[in-house]
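Included below are structure tokens for two forms of one protein chain, each presented in isolation as structure 1 and structure 2.
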Structure 1
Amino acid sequence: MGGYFSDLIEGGKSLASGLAVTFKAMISPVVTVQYPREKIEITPNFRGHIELTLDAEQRIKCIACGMCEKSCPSGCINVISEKKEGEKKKSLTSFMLNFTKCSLCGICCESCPADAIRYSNEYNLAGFTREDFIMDLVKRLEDKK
């Protein structure tokens, strides 16, 4: 008989406290976001694929130095530039990112001397082929404009 009634009382108490937990949950607001219909703010810490940035005059900041290409541990960046006639600096023609290999480590953003690369807020990435994720960032920037 040892513990017969104490089991009953202890069990009853724990059952009641369990019921209280779910009742509180029931009357507190839901946390679900009804995704396609409502969206939440992306936090500044979010790491999307990298994108090029613009300066105050809406020109690409990138100076085509190739630091990011050299520092990338996965070798997924390919910067192509040319020296146009009558200009002193090289200018960027295309900035290829192979997102299938990118591990979002961010060394490219850190190594950039011109602050020309940052993480995008793009989270809706979907495609039908692998080639969809080999992106030309210059073109992407122009499409966005």
Structure 2
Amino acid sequence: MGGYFSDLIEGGKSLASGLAVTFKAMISPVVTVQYPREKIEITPNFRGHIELTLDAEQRIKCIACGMCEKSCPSGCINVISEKKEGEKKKSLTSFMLNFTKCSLCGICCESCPADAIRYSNEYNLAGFTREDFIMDLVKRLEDKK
């Protein structure tokens, strides 16, 4: 009979300590977010895929020199440009990025003489095939406008 009451007391202590943990968790601040319904602030140092930048007149800064394509160790950048009639310099027609190959090393950003490439803050890229991650950055930039 003495074992019965000692087990009952031990069970009561265990229940009280469990309820204490639960109550402590109920009043502590929430540290998780309900992704994807809630979005979090991204730090400025986050490295998403690269993106093209615009100048003050909302034109693409890229001068289509191809330095980023040549310096990319992964070979994931393909710059396509053409020289239009009446213009002195080449104009960018397509800037293809194969994000499946990109190692986010940043050499393309450092080698750009026009400061036309930067890391984006886009962190929730999703796709069903590899082709979803081969993107034309010129088209993406025009879609954002």
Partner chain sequence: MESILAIFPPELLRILISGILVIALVFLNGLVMVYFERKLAGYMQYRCGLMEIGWQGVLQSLVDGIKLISKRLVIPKNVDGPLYRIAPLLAFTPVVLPFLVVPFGKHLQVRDLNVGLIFVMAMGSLNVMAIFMAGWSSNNKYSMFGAMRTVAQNIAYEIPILLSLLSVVLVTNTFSMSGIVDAQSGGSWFILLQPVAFLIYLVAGVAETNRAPFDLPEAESELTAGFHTEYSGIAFGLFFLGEYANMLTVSCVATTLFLGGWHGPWEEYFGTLWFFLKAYSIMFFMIWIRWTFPRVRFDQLMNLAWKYLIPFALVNLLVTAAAVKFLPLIFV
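Heads up, when I say rigid core I mean the largest set of C-alphas that superpose within 1.5 Å between the two forms. Since the structure is predicted, the reported quantities are computational estimates derived from the model, not experimental observations. Residue positions are counted from 1 along structure 1's sequence.
Taken from the structure described as the form predicted on its own is structure 2, whereas structure 1 is drawn from elsewhere. For the motion between structures 1 and 2, which is treated as two rigid parts shifting against each other, residue 30 and residue 88 do not share a part. The rotation of the smaller rigid part against the larger one between structures 1 and 2 comes to 37 degrees. Lined up on the core, residue 24 has its CA atom moved by 6.9 Å between structures 1 and 2.
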